[in-house]
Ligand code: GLA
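Just one chain is shown here, as structure tokens, and it is the form predicted on its own.
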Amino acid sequence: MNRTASHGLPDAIRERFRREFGGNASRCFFAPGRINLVGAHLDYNGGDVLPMAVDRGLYVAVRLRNDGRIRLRSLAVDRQIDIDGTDVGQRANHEWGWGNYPIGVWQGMRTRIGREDGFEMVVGADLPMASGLSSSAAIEVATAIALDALYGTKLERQQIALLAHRAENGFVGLRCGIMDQFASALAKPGHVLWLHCAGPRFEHVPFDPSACEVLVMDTKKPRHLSRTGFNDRVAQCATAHETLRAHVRDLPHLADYNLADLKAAHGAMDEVLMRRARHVVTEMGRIATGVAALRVGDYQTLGRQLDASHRSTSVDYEVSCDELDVITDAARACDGVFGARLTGAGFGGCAIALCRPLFATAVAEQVGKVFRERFRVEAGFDVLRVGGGAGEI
């Protein structure tokens, strides 16, 4: 189990940059991935979330071009992108694959300030791609910070986060909320981010790494959100909100309602919509309880919120899967575990377990055995520390 970041990764990216493009990269930047402690699928419903930026993430080596071309390379993905900026429209091109994320940020920056400069970039990450640790937001934020620095636009971090979010939401077409980009761009060492997505407003809440370890458990089941029910959940929540507005009371967001409101809407919503709304409403309560617990260092209470959150995302929101249910159940059965839940959007990818210090290795061994016997797959395990924010290396 690797507990340290890949410190040689920036050097590897720079070396690849020299081989691909010649000369040296003008600048090198980093943006962290994130785990979400509690607050599943609340961001696009106007609710609160509690993400923690981790000490792993994505690195980019970048240099501007004066010919308008965009050339992208990745240490992990064979597909190379070499296009003219004039070919970039308002929507992603599936042939560009992973490159749509940085291209979407570039397109948003071009729209904002009118710059037509192209750029060349090499990307490398030390967190799993498509696993629920928000690699897509990390590449968006890293690209936004890099272009902001190279263009000299001096955007505020909240503007960086919103620019990155628009790339994923508007350009790539995934109807996600703002959590991932804000968590990456606004991270503060030793804290998690309590993000009120409706504002957006945010607060930093202390998280003591010496009192609680975060064990990330990778099921190795890939998540392909554009081909799953993610956008369906967004649409279902929108329909539930409209139903509550019409039959109960008119509130700005689905997360603003309470259980009494849902009871009053009985008969106006089918069972599926009711369960989606119930998850959102009850998850808001778990967020409030979790934040209060963190403020006093009560990780046992925080862990109970994780357990309840996973049950809700599995039963009411239906974004879990057998692999995530098995790996979290196995973690809860271990000594020294406060709680466990899926992280990210679900449908596969990673889960987290909050562990007492020095218990994570034993937990990983026990959970790994259970998972291997059930699925004949070696799950991945890693202990992540609270990370800092994005910036230049």
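Numbers follow the displayed sequence, beginning with 1. Note that the structure is predicted; figures quoted are calculated from it, not measured.
One more form of this protein exists, namely the form predicted in complex with ligand GLA; it is left out here, but the text below deals with it.
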Q: Tell me, please, which stretch of 353-361, 35-43, 55-63, 322-330 lies within 4.5 angstroms of ligand GLA in the model of the complex when heavy atoms are compared?
A: 35-43
Q | Contacting member of Ala345, Val337, Ile70, Leu50, with respect to ligand GLA in the model of the complex [4.5 Å, heavy atom] | A | Ala345
Q: Name the residue from Ile139, Met179, Ala161, Ile145 that puts a heavy atom within 4.5 Å of ligand GLA in the model of the complex.
A: Met179
Q: Look up in the model of the complex whether Phe230 has a non-hydrogen atom within 4.5 angstroms of ligand GLA, and give yes or no.
A: yes
